[in-house]
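Just the one chain here, the form predicted on its own, laid out as structure tokens.
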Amino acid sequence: MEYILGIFELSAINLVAVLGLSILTGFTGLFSFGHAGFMAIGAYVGGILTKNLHYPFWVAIIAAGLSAGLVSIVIGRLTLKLKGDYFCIATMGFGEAVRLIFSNMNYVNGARGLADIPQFKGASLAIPFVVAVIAIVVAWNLVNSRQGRNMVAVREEELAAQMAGINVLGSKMVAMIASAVLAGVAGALMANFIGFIAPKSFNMTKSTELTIIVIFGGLGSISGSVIGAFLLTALPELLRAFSDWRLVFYGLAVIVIMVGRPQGLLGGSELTPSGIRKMLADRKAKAAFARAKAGGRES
């Protein structure tokens, strides 16, 4: 039972980071491969505050999110004017730079990592789930606000959005800060969940994992991010019986889903009454188009 609860806790923690990346990538169209860097900042800030300075979990989580958000303002000013692959490369460099900085900081034991971080116990076990629910509410309200609609407009056609009077750079900056804050919060949760953090835990593989989850669930879908986070966090654990082969099966499962449904599980739709009706209508329209096309060929 504790093992299953641990998987759910880890899924909730990953969900917080994935929601942040979904705002940046799924709704604004900016692919970042350096979000593990923001998680590392949050993890070390949270770990230092709870272990060395003996602050409560909630204070450490809030401070971790704010720290990552402040760093994102600087990074955003340097990178958000870059386009396409250049932005990806810049964020990748940021993530690796953060990892190397922590690897050489004696205060946090460098590459050996920070151990004996206070872990969630008793009533505090609910903290990851409470934070995940708050993150869902924040992300949902943001993407359904006027600012969220501006983000989607920037994703669809940046030049047209700018001609329509949208502050493109401002919309990107809001998305960047929101995603970094959530990543920092997730990092602090991770530190207090495991009780140990090391720079290698926040390498490019972690950033890629978050991006895969966002794409797997469906770009531009909060519901898809929730489902993707829980499925792809639990899947490697369910395959643990296969030992060294479990990551191979995990990769194959992701490839099969992405090939069979490249738009992701929900394809940008939400699991709301209106979203479900839209998915059913789209499916009927595609089926009708396929029948009409087949009938045209026969005639």
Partner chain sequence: MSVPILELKGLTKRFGGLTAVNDVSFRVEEGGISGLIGPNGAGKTTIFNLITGVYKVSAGDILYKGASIADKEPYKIADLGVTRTFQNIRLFKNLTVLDNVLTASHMSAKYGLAEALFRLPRFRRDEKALREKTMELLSIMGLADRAEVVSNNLPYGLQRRLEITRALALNPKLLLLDEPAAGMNPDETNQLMRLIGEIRGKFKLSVLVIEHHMDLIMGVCEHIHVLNFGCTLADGKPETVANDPKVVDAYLGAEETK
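On a predicted model such as this, the values are computed, not experimentally measured, just so you know. Positions refer to the first chain, counted from 1.
Beyond what is shown, the protein has a form predicted in complex with the partner chain; the following relates to that form.
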Segment assignment from 202-210, 146-154, 68-76, 91-99: heavy atom within 4.5 Å of the partner chain in the predicted bound form: 146-154
Only hit among 105, 130, 115, 164 for heavy atom within 4.5 Å of the partner chain in the predicted bound form is 164
Among the candidate residues 80, 194, 198, 138, which is the single one with a non-hydrogen atom no more than 4.5 Å from the partner chain in the predicted bound form? 138
Are any of the heavy atoms in residue 160 no more than 4.5 Å from a heavy atom of the partner chain in the predicted bound form? yes
Using heavy atoms and a 4.5 Å limit, would one call residue 276 a contact residue for the partner chain in the predicted bound form? no
Please tell me whether any heavy atom belonging to residue 280 falls inside 4.5 Å of a heavy atom of the partner chain, as the geometry stands in the predicted bound form. no
Taking the partner chain as it sits in the predicted bound form, is residue 142 near enough to touch it, meaning that at least one heavy atom pair lies within 4.5 angstroms? yes
